[in-house]
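Only one chain is included here, represented as structure tokens and corresponding to the form predicted alone.
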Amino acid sequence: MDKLSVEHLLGIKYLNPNDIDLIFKTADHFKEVINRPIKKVPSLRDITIANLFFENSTRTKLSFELAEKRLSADVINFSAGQSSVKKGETLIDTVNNILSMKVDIVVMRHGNVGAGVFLSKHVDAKIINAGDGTHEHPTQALLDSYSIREKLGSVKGKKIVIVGDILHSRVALSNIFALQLQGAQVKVCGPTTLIPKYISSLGVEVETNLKKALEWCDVANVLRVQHERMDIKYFPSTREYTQLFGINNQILDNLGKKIVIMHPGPINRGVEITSDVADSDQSIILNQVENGVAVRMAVIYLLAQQIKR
């Protein structure tokens, strides 16, 4: 049995190409499972998983929960919004309380960068980072790459542009790491105020002209404008953003080639992409959602294999 080179899934930057390969092969198997009439396997019947979400999340949380249940794990859900964290309990206290219930794996989303790494050093459980601040969101990047591989046959040599709010996006950073590990070329496109200064040090080119970016790419991964993370105004108005960086059918029709459109969701319809683009045959947004469950099943399963009983 092949195994991952890491003890936890804290970020793509800790993985190697073999890890990604193994996760995808395992996800292929689970994708078959979730398309059967009986969608469950008893693989993790004796494993307990705690989902700790210190930030709001609907899609990621549901996707993880579904993945865990499809593997027959016992699941504990914890939303910090309704919890003692509001009363000042520390992250370690919260987690230790949950671990005293004999939890094997913790899936955590947290607003602070590095929260998962911190946790992995202090608690005896496998940690899966479901998003830490504006830093990484590894399972999203894995499911994005998996979806590209499914659609185009491979990721290697493909040209991917990530469009939109790069600065506040943990999806962008994880995607850049994952795509480069697999040999893709990556550019980013958006208002200069939403492109981080360090981006060129990652070997990523910046293109501020949307039309040029789309003419160059095979795949456009369109990110949501994260108003909730913005403490200042990064662009004059939503309308102006849409005029410069919004993708609509007319823009795609004028390209003279078909590109693949992706979006990690939730979509601001009519802002970064129009409904007709989101729902078109060029879009693989719903495939991403389905693949998210298979990829998360694969990650959970592979980490669970390392648990010493």
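For every residue, the number given is its place in the sequence shown, counted from 1. As the structure is a prediction and not an experimental result, all values here were calculated from the model.
The following text describes the form predicted together with a small molecule, which does not appear among the structures shown.
In the model of the complex, the small molecule sits beyond 4.5 Å of every heavy atom of Thr48. At a distance threshold of 4.5 angstroms between non-hydrogen atoms, Lys39 is out of contact with the small molecule in the model of the complex. Within this chain, Pro266 lines the site of the small molecule in the model of the complex, having a heavy atom no more than 4.5 Å away. The small molecule is not shown here, but in the model of the complex it comes within 4.5 Å of a heavy atom of Gln140. Look at 252-260, 238-246, 65-73, 52-60: in the model of the complex, residues with non-hydrogen atoms within 4.5 angstroms of the small molecule sit in 52-60.
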